[in-house]
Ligand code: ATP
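One chain follows as structure tokens, the form predicted alone.
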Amino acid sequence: MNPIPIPAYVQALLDRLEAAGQEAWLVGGCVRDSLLGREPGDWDLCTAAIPQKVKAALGDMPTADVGISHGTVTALTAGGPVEITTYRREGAYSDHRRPDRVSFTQDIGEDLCRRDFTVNAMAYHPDRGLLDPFGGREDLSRRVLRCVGDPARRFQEDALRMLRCMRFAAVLGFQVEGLAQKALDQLSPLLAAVSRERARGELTRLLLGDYASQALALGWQAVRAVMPELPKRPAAFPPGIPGTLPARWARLLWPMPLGQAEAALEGLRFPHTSRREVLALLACRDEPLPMPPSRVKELLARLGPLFFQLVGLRLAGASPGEKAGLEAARAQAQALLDGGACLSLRNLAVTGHDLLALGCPPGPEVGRVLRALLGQVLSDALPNRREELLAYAVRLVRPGLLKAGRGDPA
């Protein structure tokens, strides 16, 4: 095989470990992605050295001990963090998530045999070449996801592996081998043992994959085991759907009522910002077409860049007539941005100081009037010009609140 190009900062770690007499290999996803011609997201090493000897071999290099109880030392290099994990064997998984016991071993073969899929159970060394005891390289060429050993056992050990299987299928476009597919269908109820945060992370990476539709179709029962609110049929992801987190999650939840979608996102412990963005898209999914220019402006003000994701979502599978309306709305929105249209209080031609000078009392009244003025501008009822806005503001201030003699704008 052609040598895998190893970044200098990773090669330096290999050199330090082996100079100290400690065997080490590149392992897992970085080997898989390199063989596929993809840029690895991170680089992981495994070694015969126990964590204390790893740290001794690294000398003065800074490290983090977050996973040290499981044999992982994280080297903090100039190229980024690199995890270095001692070869290990694992005991039983009584909770279908984590091994009850982890012990170290001197045999990399024992370490590789505990891994989930053959394509992740390969190791590489620039001098010793590729170590591939389970045929992972052939499975890469066949574009197949196959478990190491018995799939049912692997999924029973750690239920999250079922979502990882689907995520790899979505990202790589691989098929799932028959026995693994059967185990996936049968054992998906075990996903109840997985934390909602970990499930959300895997589902998000799945939805962002280029082959999300195929992955959802093959493992829909597993997704519904995590999100029982979803319908019985998987959502379709037509070509052209924006590849962003809000858009992909909105598409998954598209058939659901807004309140039910919100409950589902809360159940997965979604961060507030992401949840708000997804719900904002869902709230506008039935916006009538064609959109009047004033409505385009209002939605652009409300959604910001999400407006263009909304258009992209609705374009997927739209009729020719709907597509024309959506394309027109997108062009209008872009023209508004290019023309510097007033879309927020920051762009309004008057400020709170102007209203205070007009005689408006400080406090909530200032905000109320500013928002009302912005509404007039967004609806095209008023131009965004200071004189006209101040004249209208006089009519908005509640009776009796203007200071005596300050009722007329200067």
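Start at 1 with the first residue shown and count on from there. Remember, it's a predicted structure, so these values are computed and weren't measured experimentally.
Just so it is clear, the following notes concern the form predicted in complex with adenosine-5'-triphosphate, a form of the same protein that is not shown.
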Proximity to adenosine-5'-triphosphate in the model of the complex (heavy atom, within 4.5 Å), stretch among 165-173, 228-236, 271-279, 258-266: 165-173
State yes or no: in the model of the complex, is some non-hydrogen atom of residue 354 no more than 4.5 angstroms from a non-hydrogen atom of adenosine-5'-triphosphate? no
With a 4.5 Å heavy atom cut-off, would you call residue 42 a contact of adenosine-5'-triphosphate in the model of the complex? yes
State yes or no: in the model of the complex, is some non-hydrogen atom of residue 158 no more than 4.5 angstroms from a non-hydrogen atom of adenosine-5'-triphosphate? yes
State yes or no: in the model of the complex, is some non-hydrogen atom of residue 314 no more than 4.5 angstroms from a non-hydrogen atom of adenosine-5'-triphosphate? no
Quick check on this chain: which one of 29, 67, 375, 383 has a heavy atom within 4.5 Å of adenosine-5'-triphosphate in the model of the complex? 29
Can you pick the one in 120, 188, 72, 244 that has a heavy atom within 4.5 Å of adenosine-5'-triphosphate in the model of the complex? 120
Heavy atom contacts to adenosine-5'-triphosphate in the model of the complex at 4.5 Å, residues of 113-128 in sequence order: 114, 115, 116, 120
